[in-house]
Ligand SMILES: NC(=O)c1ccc[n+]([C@@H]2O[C@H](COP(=O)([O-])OP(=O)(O)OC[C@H]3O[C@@H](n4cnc5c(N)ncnc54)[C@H](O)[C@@H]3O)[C@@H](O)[C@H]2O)c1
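The chain that follows stands alone, in the form predicted alone, written as structure tokens.
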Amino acid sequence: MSEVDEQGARYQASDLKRFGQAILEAVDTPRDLASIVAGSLVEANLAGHDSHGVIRLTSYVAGVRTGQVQPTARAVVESLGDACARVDGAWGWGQPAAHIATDTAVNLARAKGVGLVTVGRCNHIGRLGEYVEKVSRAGQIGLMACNSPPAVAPYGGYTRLLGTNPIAWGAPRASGNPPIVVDFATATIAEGKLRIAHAIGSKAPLGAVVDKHGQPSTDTAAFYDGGALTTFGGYKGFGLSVMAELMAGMLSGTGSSSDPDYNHGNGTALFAIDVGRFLPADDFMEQVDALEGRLHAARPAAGFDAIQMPGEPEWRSRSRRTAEGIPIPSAALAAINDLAEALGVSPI
């Protein structure tokens, strides 16, 4: 721990990873799988997306206790021929299954030019940006989508029928430069971020939540009392959310979030494209750098210090939090330490 204040404490990434891994091992997760899951959570914290960070440990352990997560299960790859494959997550931890899918898609694209991999019977895979970034570091463009438990109302309605259904893209950069990464929920706000706002007593963004009667509300409790999230951009986010249901939920065999038999997994699809099959990779990356230069050189509007590329805020956060430590709010810190104590793990 590097700092304690009224808002909680700051921890080094390595310490948080060891702590998270110990908690996961305490619920019978094999060491190698626990390391992958804990590392993924801490990577989300480093990137500034605390909604997908170590705060998830409490819900992850709850998933083990209810039987939703089989902690010893290992994902298996099945070739579908040509440039296609699917991964059976076996209802184990989602992150190892998603990493296997990512590696498989990259290898297929390297051999075939493109690769498409779906993941079924899969629990929460964490932040999608982690995986498309991995694709991009292999010199490829990655496109990924997944569906999730119903929490979002369709455009024009107020009943929970869609997941937050995130979509992510990644594109390679020249060596030493961070990839271009776009990663967003098709809901106006990710449920995990709303959960954090609810825990600290903040308001929901205007237009992000409707209550159980369909009325807009900035009260985060309205969502947890039977309300719903909205899609971002009105019908545009709704359209993307529906396509995530089709491409990720249905194509993976998971099904739609609105199906009464939906099993609360993350149906996932990952598409990888080998840039070098279409034009010399160096030419592509030079064009990306030139585009970045033009965007960075543009005059920022009032209220903005600079124009940042997609993925740049995450890299700035990673650099800052690597040096200063990862902040954990006091409420989240108390919850994960209580969990650790119940499992016989030393608190952080």
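Bear in mind the structure is a predicted one, so any value in this text is a computation, not a measurement. Position 1 is the first residue in the sequence shown; the rest follow in order.
Omitted here: the form predicted together with the ligand. The next part is about that form.
(message) in the predicted bound form, does every one of Thr102, Arg137 and Phe271 come within 4.5 Å of the ligand, counting any heavy atom?
(response) None of them does, since no heavy atom lies within 4.5 Å of the partner.
(message) Using a 4.5 Å heavy atom cut-off, which residue among Val117, Cys146, Val152, Ala98 comes into contact with the ligand in the predicted bound form?
(response) It is Cys146.
(request) Counting non-hydrogen atoms within 4.5 angstroms of the ligand in the predicted bound form, say which of Lys193, Arg121, Arg160, Arg173 makes the cut. (result) Of the listed residues, the single hit is Lys193.
(request) Using the partner position in the predicted bound form, report whether Gly126 sits within 4.5 Å of the ligand, counting heavy atoms only. (result) Gly126: contacts the ligand in the predicted bound form.
(request) Would you please decide whether Glu312 lies within 4.5 angstroms of the ligand in the predicted bound form, comparing each non-hydrogen atom pair? (result) Yes, contact at 4.5 Å.
(message) in the predicted bound form, is there a heavy atom of the ligand that lies within 4.5 Å of any heavy atom of Asp183, even though the partner is absent here?
(response) Heavy-atom contact with the ligand at 4.5 Å: present for Asp183.
(request) Although the ligand is absent from this view, report whether Gln308 comes within 4.5 Å of it in the predicted bound form, heavy atoms only. (result) Yes, Gln308 lies within 4.5 Å of the ligand in the predicted bound form.
(message) Quick check for you: of 197-205, 215-223, 161-169, 72-80, which stretch puts a non-hydrogen atom within 4.5 Å of the ligand in the predicted bound form?
(response) Heavy-atom contact with the partner occurs in 161-169.
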